[in-house]
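Shown here is one chain on its own, the form predicted alone, set out as structure tokens.
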């Protein structure tokens, strides 16, 4: 009881200047960037969408009039249990001028039998098998060789898609001829499986989806998810497809941006994915994802920062914002923690509790407010409310520690080339080529 009374006395005795001094990290970085900027940008994006509704209608008309062929490529290994269900769902899409190409990347399950049977019976247009695993990029490039569509959609076999997903992800190409690639809106399907999947569902629903609406509106959208992404064929041919090695999603997005195309996000093109159902599996996934910032932003595509044929101000800002908020502020958070320990040692327990309360309050505010901007929801908003306070631990500690480990591993040891997600021979070749 005394501790509670002491805490409230601590809060009441804190003036404005002292509050700013102690909670500067929250006020100047987290609150401004992820609440104020996001809120302003969301309203701006909604206003722009309203003002451009005629352009959207005309784009829809032109697309339906042209009826462009869309090549859907599905590369993967051991996806036999998912392929049939995915293909059947594609046959129920509202847009039907599609060709479906499945690439089996060295599977040792029943994928070859299922794939060949579906090709024989006309459910898919092409089934291709690699006897030896070459990696997802290699499989996607193989599918690309047989693709004849004006647009290419890359899908993951273990995902499911809204019936209008193909239509919604293709229409934006007709709104602006300079769009080279469009990302779909990925949400968590198995959000009820475990605490790990529930927290990821909140993350996808709130931070990732909203963040991509904002970054797309600002022109700095960075990563088209491999689970659901659409590409203009001429753009993907110019960059010669996917580079081998890990991190292909962020890499191909940057490559298309560098040759002058716009990258956009389609929030109404919805894909549901199965997220890792344990924190151990989640940690492995995020270690792989987070290494890509060092590998691609600071190594492979560092020329974006220098005046050259690939330079553009928007790409520069996109990279700079990504590095500042994910790398520099990640380091600065530890600086903040050390600052509190050395300069406010007697108050540290109150500082930690206050930080948790501040972040939890803001998380509730963001989650409820930003829900008003969504057309699609993968679950009732009320289901997630009880878990919002846990997002402080999830974001502030769990993901931050994983991110820190990933940065250290990649910066000093280039560990992305050792990731078992990619075949050793492909990673070794990519490392040799420096890609």
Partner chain sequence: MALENVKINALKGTIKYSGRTYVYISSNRKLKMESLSKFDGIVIDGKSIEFVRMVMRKIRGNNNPDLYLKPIFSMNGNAHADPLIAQLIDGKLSSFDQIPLVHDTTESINKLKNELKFINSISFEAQVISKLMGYMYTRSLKELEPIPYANSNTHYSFPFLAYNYEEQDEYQIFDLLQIAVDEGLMTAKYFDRVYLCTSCKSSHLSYREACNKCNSTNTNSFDIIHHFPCAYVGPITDFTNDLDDKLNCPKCSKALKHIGIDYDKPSVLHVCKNCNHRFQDFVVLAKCMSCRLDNPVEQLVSREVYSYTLTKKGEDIALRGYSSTPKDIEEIIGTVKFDTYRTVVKYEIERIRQTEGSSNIVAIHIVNAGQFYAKVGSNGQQAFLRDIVGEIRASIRSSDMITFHSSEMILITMNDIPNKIANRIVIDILNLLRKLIDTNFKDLSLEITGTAYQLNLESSSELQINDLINSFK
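Positions refer to the first chain, counted from 1. Everything numeric in this text was worked out from a predicted model, so none of it was measured.
Not on display, but discussed next: the form predicted in complex with the partner chain.
Proximity to the partner chain in the predicted complex, defined as a heavy atom within 4.5 Å, singles out one entry of 92, 234, 131, 177, which is 131.
Taking 163, 150, 258, 116 one by one, only a single residue has any non-hydrogen atom within 4.5 Å of the partner chain in the predicted complex, and it is 116. When contacts are defined as a non-hydrogen atom within 4.5 Å, none of 275, 284 and 286 contacts the partner chain in the predicted complex.
Residues within 4.5 angstroms of the partner chain in the predicted complex, judged by any non-hydrogen atom, belong to 235-243 and to none of the other stretches in 187-195, 312-320, 204-212, 235-243. Contact annotation: residue 4 falls outside 4.5 Å of the partner chain in the predicted complex, judged by heavy atom distances. Among heavy atoms of residue 302, none comes within 4.5 Å of the partner chain in the predicted complex.
Contact annotation for residue 138: at least one heavy atom lies within 4.5 Å of the partner chain in the predicted complex.
Within this chain, residue 146 lines the site of the partner chain in the predicted complex, having a heavy atom no more than 4.5 Å away. Contacts with the partner chain in the predicted complex, taken as any heavy atom within 4.5 Å, map within 403-435 to 425, 426, 429, 433, 435.
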